[in-house]
Ligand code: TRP
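Heads up, the chain below is alone and in the form predicted alone; it's given as structure tokens.
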Amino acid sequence: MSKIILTGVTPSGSSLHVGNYFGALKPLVDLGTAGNQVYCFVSDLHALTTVQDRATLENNVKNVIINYLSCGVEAQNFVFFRQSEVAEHAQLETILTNYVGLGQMKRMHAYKDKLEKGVDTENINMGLFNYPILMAADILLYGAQGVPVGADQKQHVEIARDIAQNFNKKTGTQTLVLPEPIISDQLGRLVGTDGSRKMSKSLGNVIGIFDDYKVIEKQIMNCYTDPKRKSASDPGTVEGNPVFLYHDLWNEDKAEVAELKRRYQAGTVGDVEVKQRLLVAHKKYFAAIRARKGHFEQNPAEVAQILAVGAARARLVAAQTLAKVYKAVGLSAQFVKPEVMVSQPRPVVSFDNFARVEWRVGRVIEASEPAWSKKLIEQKVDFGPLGVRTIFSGLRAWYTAADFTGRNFVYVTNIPPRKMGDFVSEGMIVAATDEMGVPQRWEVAGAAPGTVVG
């Protein structure tokens, strides 16, 4: 059963290594391709607690965005965006600060860790102290049911649950969804080239992904193997040997891996050959990822577009959650009755608001006329990087489903989902009207699905 999953990634200037990939990134990509709704954001607001140099932060943010896109965090499987681009994160944090006690905050890992290292409380910024509350807002905004974390990060999900429970109890509602941690003992725990400690750049026991292959070759050739083995003719141990662990991870020629293990245990292959084969396998496995990184580095406009789409999709959900929160706490009180408001002149839409409308080309890959409605035409629309959406249009008085299939039209894609019977419409077709009041299709020939119009 699919779930709503949320994860945040801290902007880091460090080069990506295989421990990052197999310990965190690949499991995340697998969650996205398994049919879950995955929100993945770059936590640039959180980064301000430790990085307060503009150039450094900008570089770190760009680095992590390109790394994640290169490794498969794609628009069709993820809502990928920058935390700072969705103002609701900070807005919800402000409200949630009223539903957590000071004593609870003082028990948080990040704060206690600073104290244990001898840092004076006068030098601990409030961003760090409130870090768990902003993290709770990150999670609760999207109704996340699961949050992938290592065992040492479980506390952050638990405090999000506590805050949500306290909020729901005090407001007498079920506004906020209680998240569950998705814990893997292996998350981020790949053993380093020293064969004993977690792979970490600070420990110098990593194998890079995007480094020059002369560097990667040196890293692989320096890998710890079997210390009891004095020569290639001595039987070697495979279990616990990091070189063979790495072969299992990225050497896709499983027959070769099995043969290398057999020969190693029999004493008929040397460490050098096993490591050389590992280097060849590394080049094959990461070739596409390295190529994608080069592509994104050369196409910053494409990266910006992916982030803009992700932020727009995230805002749709975040705004709905925040509206429910405002209503629950009493911040949405009206000064006139709804029926009086309806009778008043409709407000003029400002140019700024109009400019926020997202117009995109979508290709209708399938259209049908649902039996439960006499007005609607259901369309499955391919928006390229945005993926496929279901959109209902009330045009059956003038058109049939056959008029839509296989054609490109302009749609508004950043409006909130709207319930249609037992179904949900995820956008709106743009239409004009002739003198007789008959809608005219805004058909676009030759434009790629997902193209922004205007």
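Fair warning: this is a prediction, and the values are worked out from it, not measured in the lab. Sequential numbering from 1, following the sequence displayed.
We do not show the form predicted in complex with the named molecule, though everything after this point is about it.
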Fill in: All of Leu6, Met135 and Gln153 within 4.5 Å of the named molecule in the predicted complex, heavy atom check
yes
Discussion item. The chain here is shown without the named molecule. Which stretch in 139 to 147, 283 to 291, 231 to 239, 172 to 180 comes within 4.5 angstroms of it in the predicted complex, by heavy atom distance?
Written reply: 139 to 147
Discussion item. Between Asn67, Thr413, Ser393, Ser43, only one gets a heavy atom within 4.5 angstroms of the named molecule in the predicted complex; which residue is that?
Written reply: Ser43
Discussion item. Between Phe210, Phe296, Phe167, Tyr131, only one gets a heavy atom within 4.5 angstroms of the named molecule in the predicted complex; which residue is that?
Written reply: Tyr131
